[in-house]
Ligand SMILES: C[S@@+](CC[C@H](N)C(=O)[O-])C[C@H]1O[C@@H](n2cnc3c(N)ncnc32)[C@H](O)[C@@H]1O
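The chain below stands alone and is given in structure tokens; this is the form predicted alone.
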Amino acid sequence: MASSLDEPAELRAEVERYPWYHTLELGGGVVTEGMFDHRPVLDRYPLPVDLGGKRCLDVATMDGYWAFEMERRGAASVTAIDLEDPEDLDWPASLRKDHDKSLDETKADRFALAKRALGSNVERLVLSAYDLSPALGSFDFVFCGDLLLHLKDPITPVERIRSVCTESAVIANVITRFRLYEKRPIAELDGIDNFEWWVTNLAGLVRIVRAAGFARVEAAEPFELPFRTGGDWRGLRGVVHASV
């Protein structure tokens, strides 16, 4: 993917207009200052190295890091879904009135800017993970990153992912550790203090994905995801590779 913006200074000026969720290399030395930087831990996510000929889906794409990465790995097509209106998100009632909406209000513009800069062909659709269905089509590979903890019902969207997945999926999420109970699937409920509902341990994440109907679920070793801003975010990530 080659940049369609010839002047790095022009691109940098556009980039600096927004807060960014993902750290993206957009060409010409321009890198977005994202809340999270996946580059140092990219190899910890078990994405296929070669996605040549595959139809891929990125669920809750935000700035599009994973959608663009799948395209870079040769995907025949990549569809990215997300919501447009921050009020449509599963914000807890205790936080809905006063939460900072800027990161969600501008994500469509940020995605469009990154797509233009990268010369990408990724298609972005406004669609909730709750509403994902075979009506959208089927996908050989699906990626879903750091979404489930923000959902009141984290299981239904994984069932929806399974309904459109024909080969495999990678599902990543913030996890926590419960001392002495790491092998038991456990979840912790918030819904008041932070924009997170259920946070599981790794065994809990595996159980959710298995309950959604995937035949084989393999968990990677948990790791810390670097973050630059965004408050007291938990850094530990769990990632599972699921096959139909």
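These numbers were taken from a predicted model, which means no experiment stands behind them. Residues carry their position along the shown sequence, with the first being 1.
Below, we turn to the form predicted together with the named molecule, even though it does not appear here.
Enquirer: Answer with yes or no whether A108 is in contact with the named molecule in the predicted complex, where contact means some heavy atom within 4.5 Å.
Expert: So A108 does not count as contacting the named molecule.
Enquirer: Heavy atoms within 4.5 Å of the named molecule in the predicted complex: does L136 have any?
Expert: Answer no; every heavy atom of L136 is more than 4.5 Å from the named molecule in the predicted complex.
Enquirer: Answer with yes or no whether I175 is in contact with the named molecule in the predicted complex, where contact means some heavy atom within 4.5 Å.
Expert: No - in the predicted complex, heavy atoms of I175 and the named molecule never come within 4.5 Å of each other.
Enquirer: I'd like to check something about A129: if you look in the predicted complex, is any of its heavy atoms closer than or equal to 4.5 Å to a heavy atom of the named molecule?
Expert: Contact with the named molecule, yes.
Enquirer: Name the single residue among V122, V164, L151, L118 that comes within 4.5 Å of the named molecule in the predicted complex, judging by heavy atoms.
Expert: Checking each option against the named molecule in the predicted complex, the one that comes within 4.5 Å is L151.
Enquirer: Out of 25-33, 54-62, 214-222, 180-188, where are the residues with a heavy atom within 4.5 Å of the named molecule in the predicted complex?
Expert: Every other range fails; the passing one is 54-62.
Enquirer: Sequence order please: the residues of 135-158 with a heavy atom within 4.5 Å of the named molecule in the predicted complex.
Expert: If the 4.5 Å heavy-atom criterion is applied to the named molecule in the predicted complex, 135-158 yields F143, G145, D146, L147, H150, L151.
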